[in-house]
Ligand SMILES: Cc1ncc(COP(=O)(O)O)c(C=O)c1O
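Next up is one chain by itself, shown in structure tokens, the form predicted on its own.
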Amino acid sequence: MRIRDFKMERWQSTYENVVQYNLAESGVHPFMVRELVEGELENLASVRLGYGHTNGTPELRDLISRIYKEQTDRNVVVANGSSEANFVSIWRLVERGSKIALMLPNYMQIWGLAQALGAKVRTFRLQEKNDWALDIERLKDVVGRGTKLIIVCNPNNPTGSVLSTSDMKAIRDLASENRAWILSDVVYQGAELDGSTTQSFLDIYDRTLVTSGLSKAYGLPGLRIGWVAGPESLIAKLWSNRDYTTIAPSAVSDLLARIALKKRKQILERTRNILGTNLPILEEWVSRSGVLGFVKPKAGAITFMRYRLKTNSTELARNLCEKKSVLVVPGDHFGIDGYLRIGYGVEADHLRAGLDLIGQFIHESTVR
């Protein structure tokens, strides 16, 4: 199996720890351990560093299952991050020749894995002119007899958009007509700016897997805890797939994840407070830029900025990184050029300073 470079992850891994201002991060400012474990230090110190439950402790799986309707611990398998959750899901569902419909723009891990496994991948785009809503006619062109899997990211990465109820039903109905599975990345669920919670496809369609984790909405990427939720029989098979990957989550991370999910309401309130504080900073900066625009996100700590410069997005982002030490993600890493993904979940002063440097770079580029 020949795997192509995962451009976005290579990009971030190369630069995120060497730039002065990292605005490529797509989650909120992360917790420190002491902030999370207040009152739990004795439990943390008592963790035995052996192999625990390889599919996640029953308590952790139960806490995760409560996020969704009518699910139990048997409907959940824990993974090392949402990336592993995506990996084992695709590995189980996709074979050479499988027909797949993939939403764009999107986090392109699944696209790369599906290509490597020999799948036939067709894409359908969200439409910026309609506030990143679904193009239903294009979806109907892409999904048909023999389609094995429809892949969505909702709330969406990189746009921060959320599918409407009617768009979700359109996807559900086409999946049902063709006996297709839906694989829905919901890692930004819980980071909705209006305080609502995005509905899950798992609530409306039985042939659904959802993947998620604690990295984005929870501000806990260092725990590397993710999960897949779905039908019990398929979840059991995914657990078998994990025997070939990382085998088990860290015993320490499993405990910290349980602590976090017991504080889920407070953690998500923190996330929404960060986003509510920082989004106006971003909006005001964009209004002064003259060359940038975006559809206001509904969820997540990310925006997909279109720009009016005659430059490829990777070239633009690389120059910005090298000349101003600011990291953003090029739009072509999500399958659409002419955009930059900018994360705004960092500390407010850090955000302002990074945006000012982007503004300086754009001004210097346009006055030449």
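If you're wondering where the values come from, they're calculated on a predicted model, not measured in any experiment. Start at 1 with the first residue shown and count on from there.
Just so you know, the form predicted in complex with the named molecule exists too; it's not on screen, but the next bit is about it.
Peer 1: Which of these residues, 87, 124, 181, 107, gets a heavy atom within 4.5 Å of the named molecule in the predicted bound form?
Peer 2: Contact check passes for 107.
Peer 1: Which residue, 253, 82, 75, 208, has a heavy atom that falls within 4.5 Å of the named molecule in the predicted bound form?
Peer 2: Partner contact (heavy atom, 4.5 Å) among the options: 82.
Peer 1: So if I measure heavy atom distances to the named molecule in the predicted bound form, which of the stretches 187-195, 293-301, 124-132, 244-252 falls within 4.5 Å?
Peer 2: Within 4.5 Å of the partner lies stretch 187-195.
Peer 1: Taking the shortest heavy atom distance, is residue 215 within 4.5 Å of the named molecule in the predicted bound form?
Peer 2: Contact with the named molecule, yes.
Peer 1: Should residue 100 be classed as touching the named molecule in the predicted bound form when contacts are defined as heavy atoms within 4.5 Å?
Peer 2: Although the named molecule is absent here, residue 100 would stay clear of it in the predicted bound form, with no heavy atoms inside 4.5 Å.
Peer 1: Does any part of residue 228 reach within 4.5 Å of the named molecule in the predicted bound form? Heavy atoms only, please.
Peer 2: Although the named molecule is absent here, residue 228 would stay clear of it in the predicted bound form, with no heavy atoms inside 4.5 Å.
Peer 1: Residue 257 versus the named molecule, in the predicted bound form: is there a non-hydrogen atom within 4.5 Å?
Peer 2: Residue-level check for residue 257: no, no contact with the named molecule.
Peer 1: Could you list the residues in 9-23 that come within 4.5 Å of the named molecule in the predicted bound form, counting only heavy atoms and keeping sequence order?
Peer 2: Residue within 4.5 Å: 9 only.
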